[in-house]
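Only one chain is given next, in structure tokens, and it is the form predicted alone.
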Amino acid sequence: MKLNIVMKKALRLVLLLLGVSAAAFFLVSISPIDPLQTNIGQAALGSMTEEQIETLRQYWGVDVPAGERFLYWLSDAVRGDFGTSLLYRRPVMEVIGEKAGYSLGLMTFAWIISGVVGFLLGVISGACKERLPDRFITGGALFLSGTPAFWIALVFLTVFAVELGWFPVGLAVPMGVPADQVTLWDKLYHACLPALTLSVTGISNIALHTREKMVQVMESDYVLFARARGEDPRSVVLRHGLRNVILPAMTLQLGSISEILGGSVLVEQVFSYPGLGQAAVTAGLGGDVPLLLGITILSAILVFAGNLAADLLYSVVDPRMKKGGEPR
């Protein structure tokens, strides 16, 4: 039984990776962006000979049909070779390994902060239904949920970096400092504002979802019975509220990895942070298909891992779930 579940999960992962890689490849292929004009420039192309231009076209694979290029890439990727980045002129996995070190730190910080803060705000809001704390928290969460991540990033950049000068304007390390002289504090200092911005964008969904679950719990029969027995309101929240809303909140938090990934692309662009998000945008605009596909594969694996962890969490904690994570 366990072997069948593992095989099903593995098959889903394979189909997911195949689907997202094919979609990303063909979307780039039908894009009107010309990689030669984008990366070389029209003026430089005008000064080149036909032989030089043909060499560049072969390097970027412009004349090779899209389907044939995808099959070539897929055959190499199955063997673990994701090719060479056309922009960085380095192996794709080497570039991803360098960029992932920056992005994963931001996303981990944002994921933890948004989950903890969103959960606490949701519990407080649900326990204080239709009172001032509930209205304040709900209003703020609704405002954040409808606000684009790049706008929040621009506001934070303008206020905390430009006006107040508390944080650097951008980049991951100080400008003009040799790499061997950059300290851990320098990296943390430059990552603080992007990470804080990214965490704010993920608070609203968790807070609103937790609030709704908390309201349902507080209006349930067993909570009404506990209140009728004279149980302290704080005890009701801690003993009955938290125990029943923490599992749905954790599941939602594990499923929010895709939102954190999407938000990191915009936040990294605003703060010029050299992570996977900025590399993905650069690869897409520059026609660097191998790098874009490598980042797409990694993103799909992270999202799949988050959803799989949510299924496993339910199967372990909730006795009403099967071992495979599916309801009876």
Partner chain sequence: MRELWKNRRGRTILGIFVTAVLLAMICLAGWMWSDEALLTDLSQKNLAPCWAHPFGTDFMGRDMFIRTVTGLSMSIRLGVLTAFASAVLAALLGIGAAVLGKTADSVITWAIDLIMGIPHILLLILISYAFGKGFLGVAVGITLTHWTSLARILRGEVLQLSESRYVKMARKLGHGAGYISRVHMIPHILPQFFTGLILMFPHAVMHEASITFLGFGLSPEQPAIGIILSESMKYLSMGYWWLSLLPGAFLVAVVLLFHWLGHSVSALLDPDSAHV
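Positions refer to the first chain, counted from 1. None of the values given here were measured: they were computed from a predicted structure.
The same protein also exists as the form predicted in complex with the partner chain; that form is not shown, yet it is the one meant from here on.
Contact between residue 158 and the partner chain in the predicted complex is found at the 4.5 Å heavy atom cutoff. Shown alone here, residue 165 lies farther than 4.5 Å from the partner chain in the predicted complex, counting heavy atoms only.
Within 4.5 Å of some heavy atom of the partner chain in the predicted complex lies at least one heavy atom of residue 145. Using a 4.5 angstroms threshold between heavy atoms, residue 9 stays clear of the partner chain in the predicted complex. The three residues 113, 203 and 313 each lack any heavy atom within 4.5 Å of the partner chain in the predicted complex. Looking at 274-305, the residues that come within 4.5 Å of the partner chain in the predicted complex, counting any heavy atom, are 280, 281, 284, 285, 287, 289, 292, 295, 296, 299, 300, 303.
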